[in-house]
Ligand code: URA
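Before any questions on how it binds or moves, here is one chain, the form predicted alone, in structure tokens.
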Amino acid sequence: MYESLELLKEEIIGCKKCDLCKTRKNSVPGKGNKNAEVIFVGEAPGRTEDVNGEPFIGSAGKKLTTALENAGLTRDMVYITNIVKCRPPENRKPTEMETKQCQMYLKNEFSLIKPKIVCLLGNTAYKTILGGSEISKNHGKLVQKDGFSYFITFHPAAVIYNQKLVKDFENDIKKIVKLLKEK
């Protein structure tokens, strides 16, 4: 267990636990409010994130930022991270071994921040943390596990490629705000 997000960030930046360290430009630790009521967890950094070392700043990040703002939140109010902290080559899905190597980092982020809700963005986050599948049938649901409340929704990148998901995604983010007010 790390004493602070700053110490955890330093560890992530220097991490060499798996082969992703050989192909990354930068590790991408989580970023945001250390007292956030909600943590958003995506799959892995993309190209823009790898270059800049910051999560969700590419096109999917812009979709997330817009949805947050439409729901009355700002990026400064939340914490944003990923299942794995380095970009997999060719933007492929992280392997099970890669997700296991980063699992401790994610658990530490949760423990240090103590959010009211952890929002799982997309199938990889949903499967890795809750063992779930079929996100289209389960989005908008709140699941309790290991002392945390997990909210399931689409990954913002999916919303870019499938415009039919835009309303559902935006409504899910608004639902998180409503749930936070109830907690």
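Numbering starts at 1 and runs along the sequence shown. Because the structure is a prediction, the values reported are computed rather than measured.
Although not depicted, the form predicted in complex with uracil is the subject of the following passage.
- Of the stretches 66 to 74, 129 to 137, 146 to 154, 36 to 44, only 36 to 44 has residues with a heavy atom within 4.5 Å of uracil in the predicted complex.
- Although the partner is absent here, Pro55 sits close enough that one of its heavy atoms falls within 4.5 Å of uracil in the predicted complex.
- Within 4.5 Å of any heavy atom of uracil in the predicted complex lies no heavy atom of Val118.
- Although the partner is absent from the chain shown here, Glu49, Ala60 and Asn82 each have a heavy atom within 4.5 Å of uracil in the predicted complex.
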